Every structure is written in C-alpha cells, then in structure tokens.
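Read the single chain below, which is given as structure tokens and is the form predicted on its own.
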C-alpha cells in the first residue's frame, strides 16, 4: 500500500509530535536544579567509546513515594551509589505511558511519562543531577511499533481514509512478506493479525498487540524524528534504537536489514549530528556481526555510533562449560573491523532473555542443557535467567565473565543487580523473573520501598541464597571482599586503561586451548589479557611475536611478572577461572613515568 498521506504533518483529531521550536529549545531544567557540569556530548563526542553503561529499570530500582513502584525520584536518590560504583552512563528502558503488555516496549504515548514514575520535571531533574555526577543518560526509542492502544493506531483502525489511516501496514489478505520469520514463536504463529474494527489484517514483527509503523509513509518518518527531537531537548545523551532491522518490508525478502531501513537510520543520524551533535545512537540489531556492521553506515552516510554485539555473549557462556577458547576465538576473528568512530556494545545479561538466535541448533540445545534444564527457564529462543544463577552461583565464573566483558572490544553494558549477584524468579510471567526489585538492604522491603511488599510491582526474590537478607547492597558495601567491591575495583582499573575502549585486539597463541589470551593495544597502552576458562588450574605458554624483552605488570596489584623471553614467549599460570590484565611495557622507565 502506498502512502496516501504525502504531507508529513497531517492534521486531525490526534496530533502528531510537533517539531520543537529550535529558538526555544533550551535543554532547560527546573529553576532550583543545579546546572550540569558534565561536558556536553558536542564537547566530548567520543565519550561512548570508553564508557561503561548500566541498564536500570526505573520501576525496579527505588520507590520514593511508597506505592511499591520505582520512580525517577527514587533513581535520582541513588545516583551517588552509581557514581561510587563507577558507571559512566545509564540506559533507561521505556518509561512512557503503556499498557505494559511488553514491559513498556508497547508505547501508547511517545512524549509522555507514565505517571507512576513521576513528571517531566522529575525526569529533567534526574538528567541534570546525573550530569552533575559525571553520568550520562541514554533512553530507549521504540521506533518499529507502538502499542495497539496508541492514539495513532486507534485512529488508523477507525478512520482508514483519515490522516492516520496509513500509519500502519494494512492488507486485505495476509499473503505478503511470508518469508519473514516469526520472532516470538512461543506466542505468535503469524506476523499478521486480523482487526475486526477496520476489517483488515495488520503487520507486526513482535506481539500482536504491537502493530508495526508504516515507514513508507513520510508522515511516520517525520513523526519519529520529532519524537527524538522532543527527548533530545530534555538533555539526554543518546538513544538506544530498539528493533531497528524491521522498519521496512519487501515481498520476497526476510524483511530484515533492507536498504530503506539503512537510509532512514542515516537520515536520523544526519538530523542528530546537525541539531544535537555528540548525541549517540545505539543499534539494537540482533543479527550476525557481518550484517550488524552495516548499521554503522558509511563515511558518506553514517548511521549508529554503537551496535550491540549479540553473538559474543552466548559464546562466553558456552566456553565456561566446554572449557575451550575455540568458540570465543572464532567469533572474535569473525567480527568485522569497526569504522572510524564506531563502537561495539557488549553485555552478559539484560532485561530480555539470553537470546540464542545467533547459535546453531546443536549449540542451542547444549546451552539449554547447561543453563536452562527446566522449561520455565526458557523464553522464546533464549533463556530467562540472571547472571549469578546462570553460572550456578559461582563467584569465580561470574568474575571471569565480567573480566571478559570489560576487556573485550566495545563499551560494556552492565545490568542492575548483577553487581551484587541478584537472583531470579523463573515462575514469574514472561521475562519478569529478571526484572525484580533491587535489593538494597535486608529490611522487609529490601530497602527498595517502605510499602507493603505484597503491593510491589513484582515480588522480591524469596528463594534461599538470593533473598534480600542474603544478597543486598548494604552488606556488600561493608565487606571488602564482596562481589560489589570487586566489580567497583575492576571498573576503576578499566578507567585507567582507555585502550579497552579504543584499542585493537590481537589474539595470542597459547599452548593450552582452555586459556584465552589477547592483546589490547593503541598508540599509548598495551594490555595482555589472559583468561583460564577451565575448572582446574592451568599453565600456558603464550606466543608474543616482536615482544622479546618486554615487561609485564599486573594492572590490579602492580606486581611484576616474568619478562617476555628472547624466544618471544612467556609462561603464565592461572587458578581455576582465573585471569590477569597485564600492563605491557618495553622499558622500566616507561612504567615508572606512568606511575608518577
């Protein structure tokens, strides 16, 4: 269906998002708010390349008004904790008005705020206070689809010839785009659903209550641009673009990664660069790296600054069970080089299932056997579990997984609660089991809320070793050897080595396949990362061509290791699931200069 609304700003009973008044766009905050001191994205346009991101669900973090639901004021009250932890940016999943049939990713108002979380002034104050503490804010932007409760969809289904009639993809018969896969195979058997009101089928790549927008319509494209302008004017530092491979459809294709999709993302990037320089676009494109790299765009038509690297994540988990570095080495070797200014986004866990779309069927079945033996642990084509339970409660495995995450190329994304090893509840619906309230202390409400825990948006974890009385921030902060303090120290070390964000990676040959070693290098720093994927101690000989006589120092302790021998090898012994980050330098004087 071709667009019947060539005018990008149609009039009608349901208003589009107006373009902001450029003369009055002030990025303003309430008068009593402290002015942000963090350099603007325009002043530090590559801030994202060395940043550590922290995903926090607003409703899960801290409740300030005692209603059992986290809110902006509660999150703001914990900014000092996040600054202390050492994160550089917060990623906030959707906080917009929504029926909450998909955790807020079913948006019913793009420029509103769910009243349970606060007001627009509360949000602006949060942004300003985060900036004051050196923390940037990235928000989710769901462009592919809306809720079926969105006024645009309601107008589209009731008035097919009106200004919103062509805002979605409608057909008389579900006979097109049949080569497109069904993503949520657990709940949907088709990408088409019948609407009794309009008397036609509508297209959706996700749940049937999330109709896809029609990007063939120029009014849709302009509306989406104006949504980004609206939120950029609040001072946010970036946008995570949700599910962008599916914006356009074309019969005879799988309807993913089509050229018009890239053209539109390039338009968005041009708009952002022109009007909000330094504001970051992050691509959520669950595709193989050789396809994802296209979302960086080209020199002539750049697209996203950051693209999530999905395949590396399951390979980490597989390596910990197979005790071999082969899979990780392969995916690192297959990862295309980054374009200038581009960055990978890496993660271990987040609010979604641990997706297994990027592995073979044989590998998927192995992952299920290792990590999700019970059917309730699975969701869609993945696993709905948190990091610590996934890894059997093994502190050593969790530390090694984080060491890999923090040293691989890219900007790491942490997930709230993983810093203290929070548990999950597989008996909750959908993926809610990994979205339970943050555990701040051992009080009845876990320090998350003073409301009756029975009124919480989701119940607290109640199982044994993961209940709040056993796992909470207050206890971890007072114990020097805790997971929380360990991770904080790792982030402090990483901050001293920008090479982890901007340097190259070279795989290092080892005599033991269970030992994964690689060099991270730029013109100023070199770090040798050595990781034992085995449950037993290992000693391996590493081949370091061209580095005979170079010195190795432990980045954590400063202790000196044996120098690289004349035959360009060095022997490293590691305990089970042990690792080292070794500062590599040619002269002792260079190391002394750095220490000073």
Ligand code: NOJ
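Positions refer to the first chain, counted from 1. From a predicted model like this one, the values you see are computed outputs, not experimental measurements.
The discussion below concerns the form predicted in complex with ligand NOJ, not included here.
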Suppose contact means a heavy atom within 4.5 Å; in the predicted complex, does that hold for all of 315, 402 and 520 with ligand NOJ? no
Ligand NOJ isn't shown here, but in the predicted complex which of 512, 475, 273, 352 has a heavy atom within 4.5 Å of it? 352
Pick from 88, 122, 242, 250: which has a non-hydrogen atom within 4.5 Å of ligand NOJ in the predicted complex? 242
Any chance residue 98 has a heavy atom within 4.5 Å of ligand NOJ in the predicted complex? no
Is there any non-hydrogen atom of residue 431 lying within 4.5 Å of ligand NOJ in the predicted complex? yes
Under a 4.5 Å heavy atom criterion, is residue 114 part of the interface with ligand NOJ in the predicted complex? no
Hey, in the predicted complex, is residue 131 touching ligand NOJ, heavy atoms inside 4.5 Å? no
In the predicted complex, segment of 101 to 109, 482 to 490, 463 to 471, 361 to 369 with a heavy atom within 4.5 Å of ligand NOJ: 101 to 109
Judged by heavy atom distances of 4.5 Å or less, which residues of 246 to 284 approach ligand NOJ in the predicted complex? 284
